[in-house]
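A single chain, nothing else alongside it, follows as structure tokens in the form predicted on its own.
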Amino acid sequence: MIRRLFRTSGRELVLLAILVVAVVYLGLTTNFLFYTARDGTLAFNARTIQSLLANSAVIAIAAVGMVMVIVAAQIDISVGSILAIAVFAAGYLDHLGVPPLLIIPLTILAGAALGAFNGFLVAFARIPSIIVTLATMTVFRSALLAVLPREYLGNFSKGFRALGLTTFLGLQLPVWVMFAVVAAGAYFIANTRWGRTLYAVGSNEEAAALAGIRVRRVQFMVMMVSGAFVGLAASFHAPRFAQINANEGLGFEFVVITAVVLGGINIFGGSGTVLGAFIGVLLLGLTKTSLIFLHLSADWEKFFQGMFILVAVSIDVLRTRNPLARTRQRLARAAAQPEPTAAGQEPS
């Protein structure tokens, strides 16, 4: 049973072990987990865990959508620009007096519309997703800057701010939303028919089409759903701050993709889990937090992110090549063997 668990979830278990070891190390060498109170007793530092989870919530929600995109062998590097537009859309809706609970679905629709634009170009115009989203990453943000009356937005209502700051059992509302989205996304991808089609399309697009899967529809849907998840993330990101500016989402796409690939999603498509991506998000968040406790420069954060994605992609390349190499070796050995002859006859 243990061997089977490791075979199916080996990458996730390794990442989880690394996460636990890192937390224990920080707990033993810094005040990441415990600190000395005024009365001299050792107290649990719950604020660091709360902050880590709160800062990871937006990334994790968007990462669930990115998992679907990459599993289907696509990529979306416009999510940072989509986040910026959705954040400002949420802020302006609040200024117009729209109820906070109605802002959430409207912001999701805004993100889904932008994702659908990407999906149409990818699925039906047959333009590679990396080209489409590289272009829309610039187009979306430039359009936002062109129409903004000012480069920042603030003075939000108390109801709107409550979406990002309300706490329940010591955790902010976005954290509980993150848990719900990750759990639902993990179940959906692993246990539904449509979830399984993502893996089929990402593994072999031609074989999936021959099996009756509407590949273009799947490609369109994953891009649109990714935008919807970014919209959901934005509706809880904007209320956390007293003011938002036009630089929202800069570099967001790199963080999300790094977390997803680090979490075991094969960059070439066809494999990976939402749980692994979630652990990848937590590892990135812990890396950023640990720099503060270890008194290291914040510049190291980008260094480690780059190293993470290089290592993860290298592992995916080796995993992809090795089965092909073994297949070629078996075929070569079979071709080198002499043909069987009838009894009593000499081979020609």
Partner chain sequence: MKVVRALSVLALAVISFATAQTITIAMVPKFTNAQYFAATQKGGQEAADALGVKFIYEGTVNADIDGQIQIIDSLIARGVNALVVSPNDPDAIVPELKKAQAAGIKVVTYDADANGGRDMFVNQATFDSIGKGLIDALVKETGPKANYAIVSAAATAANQNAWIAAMKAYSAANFPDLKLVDIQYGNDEPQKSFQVSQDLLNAHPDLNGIISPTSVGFPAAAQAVEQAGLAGKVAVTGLATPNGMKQFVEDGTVKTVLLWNPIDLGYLGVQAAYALVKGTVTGPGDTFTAGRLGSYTTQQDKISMNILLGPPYEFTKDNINNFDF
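Numbering follows the first chain given and starts at 1. Everything quoted here is computed from the prediction, not taken from an experiment. Under this definition, the rigid core comprises the largest set of C-alpha atoms superposing within 1.5 Å between the forms.
We do not show the form predicted together with the partner chain, though everything after this point is about it.
Under a 4.5 angstroms non-hydrogen atom cutoff, the partner chain in the model of the complex has N245 among its neighbouring residues. At the 4.5 Å threshold, heavy atoms of Y92 stay clear of the partner chain in the model of the complex, well away from it. Q172 belongs to the set of residues with a heavy atom inside 4.5 Å of the partner chain in the model of the complex.
Put simply, R240 is close to the partner chain in the model of the complex: some heavy atom of it is within 4.5 Å. Residues of just one listed stretch (179-187, 92-100, 106-114, 158-166) have heavy atoms within 4.5 Å of the partner chain in the model of the complex: 158-166. Residues of 132-169 lying near the partner chain in the model of the complex, listed in sequence order, are L145, R150, E151, Y152, R161, L165, the criterion being any heavy atom within 4.5 Å.
Once the rigid core is overlaid between the shown form and the other one, T289 does not reach a Cα shift of 2 Å, moving by less than that. Core-superposed comparison between the shown form and the other one: the CA of Q305 exceeds or equals a 2 Å shift.
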